[in-house]
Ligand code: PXL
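Only one chain is given next, in structure tokens, and it is the form predicted on its own.
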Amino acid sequence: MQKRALAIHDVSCEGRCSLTVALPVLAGCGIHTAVLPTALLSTHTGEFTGYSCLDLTEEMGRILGHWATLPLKFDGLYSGFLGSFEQINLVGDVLHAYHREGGLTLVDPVMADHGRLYATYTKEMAGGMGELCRLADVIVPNMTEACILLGRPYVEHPGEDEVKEMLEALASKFSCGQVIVTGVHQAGQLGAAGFCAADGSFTFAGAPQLPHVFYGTGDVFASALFAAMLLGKSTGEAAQTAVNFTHEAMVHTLENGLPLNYGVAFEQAIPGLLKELGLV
């Protein structure tokens, strides 16, 4: 039976990120995906100035009011970038309302990178993102977001033991079964470190690091991870699949000579993702 998912994210009209990544990735993996847009931006907020940003909180309420009249059920819920502090409670209600036994709720607490909050986020919003993490089966912060969630100073390249301690601390603080932190350096590779609370196991999924700063890779990774887990991959397998997909997208970006601030060429990496997931 075809899987159904709900992706809660912003729409950046230019620059590959958020829903313009999540929807094609999930749909490409054969997952019927509904979307709940949180904000409408002319571009993403990295290395662009003068962008427009429309808060869609009121429209989200109208969308959800209509959805309440429909027999909607989802196998997976994926929450990402929010447009206002008020949306935290609203999205929390959505995760409660549409959670189902055996389903998958993934929260990517999108709010910061490179040691600082995004321009559209406040400290109040950052604190509220922790409340959404408490509703998740899996949380996927990057290293900056992990430090913020734990109330710690930002550490750019923590050691392996420190990363493991952070993973356990996040799982304990937010009572979530699985934690995956992206932007982790280990053994000369860059990737994602994971912790499963059920058995206390740690995993690391990595790929060769490229000497560039890319944008939108967190959304590329989280979308592929979510799809792989929905399709039955274990956390470790799903993380490595998502890392491979993200790395291939970065390679295609460089091979095509594309400007890095417009996001990575994930479209050209989708065939490899489908092959790795056994879908073709």
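What you see is a predicted model; the values in this text were computed from it and never measured. Each residue number is its position in the shown sequence, starting from 1.
Only in words, not in the display: the form predicted in complex with this ligand, which the text now covers.
- Residue 118 is the only one of 174, 118, 154, 98 with a heavy atom lying within 4.5 Å of this ligand in the predicted complex.
- In the predicted complex, this ligand stays beyond 4.5 Å of every heavy atom belonging to residue 78.
- Put simply, residue 244 is far from this ligand in the predicted complex: not one heavy atom of it is within 4.5 Å.
- Interface residue remark: residue 110 is counted as part of the site for this ligand in the predicted complex, having a heavy atom within 4.5 Å.
- Of the heavy atoms in residue 45, some are within 4.5 Å of this ligand in the predicted complex.
- The stretch in contact with this ligand in the predicted complex, judged by heavy atoms within 4.5 Å, is 110-118, chosen from 110-118, 162-170, 187-195, 203-211.
- For the stretch 200-217, the set of residues having any non-hydrogen atom within 4.5 angstroms of this ligand in the predicted complex comprises only 216.
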